[in-house]
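The chain that follows stands alone, in the form predicted alone, written as structure tokens.
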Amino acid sequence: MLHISAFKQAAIWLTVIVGLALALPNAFYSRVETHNDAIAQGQVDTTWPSFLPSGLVNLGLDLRGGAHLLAEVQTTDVYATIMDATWPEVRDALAQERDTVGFVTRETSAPDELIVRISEPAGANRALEIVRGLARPITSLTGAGSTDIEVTGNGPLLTIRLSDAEKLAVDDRTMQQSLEIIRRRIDEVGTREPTIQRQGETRILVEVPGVGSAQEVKDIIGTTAQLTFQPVVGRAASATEQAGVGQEVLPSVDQQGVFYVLDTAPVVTGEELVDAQPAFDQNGQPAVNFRFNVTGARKFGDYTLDHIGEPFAIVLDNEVISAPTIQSHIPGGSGIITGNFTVEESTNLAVLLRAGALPAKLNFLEERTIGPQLGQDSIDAGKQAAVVGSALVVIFMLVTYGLFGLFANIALMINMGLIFGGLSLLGATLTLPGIAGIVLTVGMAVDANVLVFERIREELRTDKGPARAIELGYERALSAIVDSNVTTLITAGILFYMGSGPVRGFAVTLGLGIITSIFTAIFVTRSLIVIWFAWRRPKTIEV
């Protein structure tokens, strides 16, 4: 008997209602975008009801316009910085054996090496032993078991080079740091859905919708983040609490409602921080190791000697990212930040500490600005294609299948809404190829209904009753529907996994459209037919 249980009917139409509710904000794009911007700025906004969903389908660069940049990170700059920071450490270590090695001077060298000359050649072996003792083990997975430097000797000359494993680790840290800084800089402007991702070994792709020019993005990226280490005076009840002279109130970045009163004069700044790496303390708990240059080391050492047991704040862009307590005197410019960290939190903190400024120069290989007019033309063309395609499909289904074609067309409209609801829920970005995927889905969405209706026609020719014919039509067409759509879904999955950019945009809308079209063809259309059949009780039907 042609029947769907009340529970299944409720589940089907609840899914439809939720999907259409998620898609609804896209029909009122300007109101919802104004609402979201107001909420982001902490303002009260009534342009969109708060109880309704407010997620929008993000428009890609080709639809919204904006800037496209491809930058290459000059990682060799970091090698030179590390060698410059290593020189005082080597000099101080050798100075303790001056009677054996004599005076120590630095020679001209390549960016990734440090050449040191000692005045007493007879002490070369001792000098090698001392400098090799400065090597640190590499904690990254790719360099496990290796050390960060390699030291060789040639008479009175000592050559200190970064090991290959350390170079790989430095390159990876530099790319992570650059990505984090660029993301913080662009997010600070409030840009919606920028694309910031690593390409290859040393390149970063930046796509920012809605900006006027590529130069504007370059200026944003070039802004230096402000990283400081400041004394903690106390805690404040709120951000509006009045601070004393030479003090300021700043919020904690990860503790909601926590505010610190800080001395505005920093102990050291991020410009004096050489490196920060995730590590483990003496108890095996996640922590962060950091290292300053010579100037920063001296200032930080003096401060920690005089303020043992007192907290100090690590401030990034006017937010306190950590406020550890000084446990002991920290000479030499190296220290460890402990706390209730997870491994992930200590890794993120290390990245934030290194995110005070871009670690290396960016060489922009590609710069493109896509005007919003071009994007609007693409949207209009996509809308026109979708309208024309939908109109032809609707007319075809009505002419060919009559009332049943009308049910299929209603399901098709619901299917389109569910696609946009799914895109809003996933936070996916709609691109021009994505629109092509939606247009293709319009044709494919009725394919399952065509299979079902043709099977119903065949069953009617065998003199079966209308209810039985409809029931058998759905049962016997199901395997063909599933087979055809699953193979297409597999293809969409391969396109998404193997492709990038526009190809992925096409794969997302195609795959989502296949899932929603199967749902609307098998469940929604059948539910409509069952409701109609229960209401009219026809003795005969025409398909």
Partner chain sequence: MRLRLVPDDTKINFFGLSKITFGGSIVLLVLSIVAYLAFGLNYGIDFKGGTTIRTESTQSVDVGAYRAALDPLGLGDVAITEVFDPGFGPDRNVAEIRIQAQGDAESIQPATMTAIESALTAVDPNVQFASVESVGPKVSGELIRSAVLSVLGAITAIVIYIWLRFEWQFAVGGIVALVHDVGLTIGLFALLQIKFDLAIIAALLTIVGYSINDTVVVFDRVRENLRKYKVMPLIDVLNLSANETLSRTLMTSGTTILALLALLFLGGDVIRGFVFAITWGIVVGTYSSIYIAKNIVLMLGVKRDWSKKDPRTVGKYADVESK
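Positions refer to the first chain, counted from 1. Keep in mind it's a predicted model, so treat the numbers as computed, not measured.
The form predicted in complex with its partner chain is left out here; the points below concern that form.
**Q** I need the one stretch from 92-100, 148-156, 241-249, 428-436 whose residues put non-hydrogen atoms within 4.5 angstroms of its partner chain in the predicted complex.
**A** Stretch 428-436 is the one.
**Q** Quick one: from 321, 451, 135, 85, grab the residue that has a heavy atom within 4.5 Å of its partner chain in the predicted complex.
**A** It is 451.
**Q** Only one of 368, 329, 183, 235 has a non-hydrogen atom within 4.5 angstroms of its partner chain in the predicted complex; which is it?
**A** That would be 368.
**Q** Give a yes or no for residue 298: in the predicted complex, does one of its heavy atoms lie within 4.5 Å of a heavy atom belonging to its partner chain?
**A** Close contact is absent here: in the predicted complex, residue 298 is far from its partner chain, nothing within 4.5 Å, heavy atoms only.
**Q** Quick one: is residue 400 in contact with its partner chain in the predicted complex, heavy atoms, 4.5 Å cut-off?
**A** It does: once its partner chain is placed as it appears in the predicted complex, residue 400 has a heavy atom within 4.5 Å of it.
**Q** Verify the contact flag for residue 70: yes if a non-hydrogen atom of it lies within 4.5 Å of a non-hydrogen atom of its partner chain in the predicted complex, no if not.
**A** Judged by the heavy-atom cut-off of 4.5 Å, residue 70 is in contact with its partner chain in the predicted complex.
**Q** Under a 4.5 Å heavy atom criterion, is residue 396 part of the interface with its partner chain in the predicted complex?
**A** Taking the distances in the predicted complex, the answer for residue 396 is yes, it comes within 4.5 Å of its partner chain.
**Q** Going through 442-470, which residues have a heavy atom within 4.5 Å of its partner chain in the predicted complex? Please give them in sequence order.
**A** Residues within 4.5 Å: 443, 444, 446, 447, 450, 451, 454, 455, 457, 458, 461.
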